[in-house]
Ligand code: GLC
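Given as structure tokens, the chain that follows is alone and in the form predicted on its own.
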């Protein structure tokens, strides 16, 4: 197959730049062609050539400092796997007011050890309700309250100079009904009508609805909305003002190729591909996780690697264990789709283990995951901007003697604080009266009991809750991958009930865990004896220790060992130069493990606690204690 002529594409560029581009093209042309063949089989070559032309134009305009970053990333292509990586997730306005304000807070991030910053949706969204910013009306503009495109470029540059990579959200499944594409479609432009799913009557929508779930059944039931202007039923999975895009139309693909290259040239180093699992529709299915999703992602990634190889992809795929690995690539797509994907099951299982004081379900569920491609990494986290959906698999639950439905109900009750003896303070979100599904909103600190302990003035209770929070994050840090710290958790920020006073947020209680940053609390992190000092110091200690452990590289798989004592999690990680055994007591009581649980060898130290090597006696863990035992490989 003839590869496009780089000399023609980059005729006026220096010869050495033509060679660089041609080298990338030679490497990624097969990936691009194969990806496009998976969604547009009859015109894959033609479309690949057009995509390369877009990449060439982008390459011409790529700033010199970003071209140098590309070269450095060629030398270290798995930079995002390093143990020193620590992600921080925040809303720019809640964190620092606007993008310029974030620049002023970079020292705070570097002090914490952050090397990767995910700012929640910052592209121009529709006015009014906007699904937290995911209803984008202009991909090439920044929210007016956050600044300008130049501010975004300046922020990316400042972060990069401080060793922090910027992540930005890119919603792939839909646009706001106010987006120019949607407005043209509503006005009758046939070119743009094909960007969406628009039907004259309910026949086809009803056929799809028979197998489609509802994402927000309480406030956005159904998956189609009648648009008065066009006289059409429009596919709207999430909200009536979010119009689903038709990715079987190649023009949609090319639009996003150009947008991705443009964002990369601003200095964005990672794109979080929002709602990626929904982008391909197929009658008779739930229209999620269809195989063409991965073909499209492979093609997009190949173009990005040609135009701007410093850019990586993170898949926002909140799906079941068997459906998650394909987002990092399996089979013919192995290592060719997203570089990162969220390990959402880890979050759910941590909260489950803390509620039950039992790790058996955790072990059963996490051991179902196949080995991921060695070049990819999980994004691991305890909390995120979204609610917690209790994704407990019925078969996993049954394997440890639990009823899946009843356990999900227990977790919802426990973290809503309605279960006897629960000290959690979460809010029920998205209750489905038909299925019984209930999700939970709330900050990590309020869910572990810190809010209740402060309200009651119980110092002993507060001590246990802080230890519980630190243990949970130590599990995240010790699992491998790229750990993500949600804004405010490093200071134990509690639920923000003031969201009900904001007309734009009062109907969505997920804003309870999206508090404004408390910079007075942040200053208290330096004051010995304060809650903020204790939590900050505990997290910072674990982050610092982790950064020096080669066994924490994300290319190393975590082995979740079968529970000997159900109260204690045991992880093993066998790196090329270092082995590690991590122990986590998920209860407030002292726990013991027989010495043979840790394999024989020269376990030189407990890296986290600087304790002496193991003896032949039982291993003892205090309540909510973590131990990271390491030895040379």
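These numbers were taken from a predicted model, which means no experiment stands behind them. Positions refer to the first chain, counted from 1.
The form predicted in complex with this ligand exists for this protein as well; it is not shown, and the discussion that follows is about that form.
This ligand is not shown here, but in the predicted bound form it comes within 4.5 Å of a heavy atom of residue 386. Contact annotation: residue 216 falls within 4.5 Å of this ligand in the predicted bound form, judged by heavy atom distances. Although the partner is absent here, residue 360 is not a contact residue: none of its heavy atoms lies within 4.5 angstroms of this ligand in the predicted bound form. The closest non-hydrogen atom of residue 242 lies within 4.5 Å of this ligand in the predicted bound form. Contact with this ligand in the predicted bound form, judged by any heavy atom within 4.5 Å, is made by just one of 510, 126, 372, 407: 510. Site annotation in the predicted bound form: the residue of 553, 413, 131, 451 reaching within 4.5 Å of this ligand with a heavy atom is 131. Stretch 274-282 is the answer when you ask which of 97-105, 274-282, 558-566, 332-340 has residues with heavy atoms within 4.5 Å of this ligand in the predicted bound form.
For the partner-free chain shown, just 316 of 316-339 comes within 4.5 angstroms of this ligand in the predicted bound form, judged by any non-hydrogen atom.
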